[in-house]
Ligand SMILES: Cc1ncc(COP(=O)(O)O)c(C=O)c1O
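Single chain ahead, by itself, as C-alpha cells, in the form predicted alone.
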C-alpha cells in the first residue's frame, strides 16, 4: 500500500538564492560555435556532422556499429522491431524504468514481463530472471539504472542458455563500464540517450550500438522511411536524387544540428563522469550517518558508475515526512529534485491491460515510493552541494 504523508514540509523565510535545478547540461563554447557553424552551413538535417558523430561514437564505445537517432525511445523501438515479435511474444524487463521501456515493447507487438529489482542497486535481480522465462520469451531488456551496470555476466548466461536476445536499456549509461569493458563494446544491443538531463546531450537524441551486420543494415533502413539513400546521399554534389523504398520505416534520424552538440559533448564525457563521481561520493560521505536516508550501494563486481543520478531512498519515519513532502519542501528552499521513477507496472495502462497490481514487485514498489533524485550535474559546485545539505538539514530540523 502507498504510504500516507507523514507531515507537511515547513516553509522557511524567503530566500534570494537562485533556484538550483536537479540537472543542468554543460555546453561548451566550442559546442555552441559548432552549432552556429552548422546553421550557417545551410545543412542542418542528417549529414556530415551526424556521420562524424557516429564514427566518434564507434571509436569511444569500441562498437562495430553505432546509429545516431532522434531518441533512445527510437532505439528501443527499432531494436525490438528487429525481433519480428508475434502476438503473445514476451520481453522481460523491470518495473524500475521510464515508461518508454515498456511502451516500446507494446508498440513493437510484444508483451512486457517484469522481474523485481535488487533493493540497493535498483537493477534487475538476475536471481529472479530464470523464473520469468517462458516458451514465449524472445528477449531480455535490463536497465542500467542511474548509470550503474547490471550484472551482465548473469543476464547473458541465462540469455544464451535460452537462445534469447539481450537489448540493454543503457539510456542512463553512456560511459559506464562493466568489469573493465565499456558498455557498447560487447554484448548484443545497447541503446543510449542524449536527453538534456543525461550525462551528455544532443538536445534530444540517442544511439544504438550492436555487432550484428545484418541487423545494423536493417535498422539503418528502418530509421529513415525504409529508404536506401539518406538526404545527404541524395542532395549533395555527388548525390543521386533517385532512391528506393525497400521496407516501411520511421523518421528516427538524428539531425546535424544535434550532432554538432554531440561531437563536443562526447569529447567532454569522461570529464563529466569524473565530476559526477566526485559529487556522488561527496553525497555518500556527507549523508552516511543520516537516518533519514538509505543510500544506494555498489555491487561487488568491478565497474565504472556513470552517475547519471544520485538516488537515495527517504526513510519517512526518521524524516518525519514522505518523499513528496520532502520534494515540496526542497522546492520551497529553492532546490530542485527529481522522481526517477514511479514503478511502471502501476500506471493505469499497464494495470488495466496486463493485470499488474500492487504487491506484484514489492522491492520496486518500496523504491518507487521513497526514491528521490538529488541535484547532480558537472557544473555543480561543492558550494551548491552544501546548499542541498543545508536545505535538508533545515527541512529535517537536524542540528
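Not measured: the values here are computed from a predicted model. Numbering follows the first chain given and starts at 1.
Another form exists, predicted in complex with the named molecule; not displayed. Remarks below refer to it.
- Remark: of stretches 128-136, 194-202, 152-160, 253-261, the one touching the named molecule in the model of the complex is 194-202 (heavy atom within 4.5 Å).
- Listed residues 224, 186, 98, 290 were compared with the named molecule in the model of the complex; 98 is the one with a heavy atom within 4.5 Å.
- When the named molecule is considered in the model of the complex, only one residue from 140, 306, 124, 76 comes within 4.5 Å through any heavy atom, namely 76.
- Among residues of the shown chain, residue 72 is one whose heavy atoms approach the named molecule to within 4.5 Å in the model of the complex.
- Proximity of residue 172 to the named molecule in the model of the complex: non-hydrogen atoms within 4.5 Å are present.
- Mapping the unseen interface onto this chain, residue 361 falls outside it, with no heavy atom inside 4.5 Å of the named molecule in the model of the complex.
- The closest heavy atom approach of residue 341 to the named molecule in the model of the complex falls within 4.5 Å.
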